[in-house]
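The data below hold one chain only, encoded as structure tokens and taken in the form predicted on its own.
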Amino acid sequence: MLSTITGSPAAPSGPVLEPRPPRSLDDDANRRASQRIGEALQLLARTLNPQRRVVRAGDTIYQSGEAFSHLYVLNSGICKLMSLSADGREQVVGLKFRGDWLGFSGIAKGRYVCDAVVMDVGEVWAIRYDALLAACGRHPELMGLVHEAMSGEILRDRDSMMSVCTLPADARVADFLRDWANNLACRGLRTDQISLCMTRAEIGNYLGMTLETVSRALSRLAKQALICFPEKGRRDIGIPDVGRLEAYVQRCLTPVGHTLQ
């Protein structure tokens, strides 16, 4: 658990998350998104001087039930949020990437409501909540950044619920891969080959599916050439064209008798 946060330089987020050159018109939007994330991190560093720590896979940033005092921001790396279900099983309830905030749910009751677990090498910034409130009074642009982050979290939670409730199994897995790739693209990272940092069981846990269903869905997506499996490991997934994956998901959302415009 991260009981003490000490200063340290930024760490790389893993060998497979490599910058890739722009290849399509969509990359203009991705470059703007990546620039905006960078500018947001610069604003936080300039106005709050957050405490920093290099983290590695398996590290816990905070735990469920722990007294709330800090919000956290990922400067690099990927993190998963874990909660306990009613029957005591662990449930993956969220994924966080560079520039994402962690800990908002702790504000309401004064305690964190889930565990935040690191999935690969990265760097996390710790920001005292009282210091953040004080800084927002002096820097209106900082308040706007916090509101935007909160709104983004609400939208992601809604989209995740809509995917689970409305998509069939294959499309749900495809949507998960599309979302992961888009998160990387918005951070200036490659999307043609990604490392999920998650087992098939964890993916199924997150999507409300069994491990076997996830495996079968991945195999069917591969047969349609929407994804592929590089030789070095089946946890690494190749996505030849994110646009085709997006189109596949949209077709599954289209009601019978209707066509996409």
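Computed from a predicted model, the values in this text were never measured in an experiment. Numbering starts at 1 and runs along the sequence shown.
Another form exists, predicted in complex with a further copy of the same chain; not displayed. Remarks below refer to it.
None of the heavy atoms of residue 182 is located within 4.5 Å of a further copy of the same chain in the predicted bound form. Using a 4.5 angstroms limit between non-hydrogen atoms, residue 205 touches a further copy of the same chain in the predicted bound form. Contact between residue 191 and a further copy of the same chain in the predicted bound form is not found at the 4.5 Å heavy atom cutoff. The shortest heavy atom separation between residue 199 and a further copy of the same chain in the predicted bound form is within 4.5 Å.
Partner proximity in the predicted bound form, defined as non-hydrogen atoms within 4.5 angstroms of a further copy of the same chain, places exactly one of 221-229, 47-55, 27-35, 205-213 at the interface: 205-213. 93 is the sole member of 121, 117, 126, 93 with a non-hydrogen atom lying within 4.5 angstroms of a further copy of the same chain in the predicted bound form. Residues from 95-130 that approach a further copy of the same chain in the predicted bound form with a non-hydrogen atom closer than or equal to 4.5 Å are 104, 105, 106, 107, 108, 109, 113, 114, 129, in the order they occur in the chain. Between residue 85 and residue 111, the Cα distance is smaller in the predicted bound form than in this structure, by no less than 3 angstroms. Annotation: residue 69/residue 86 CA-CA distance shorter in the predicted bound form than in the displayed model, change of at least 3 Å.
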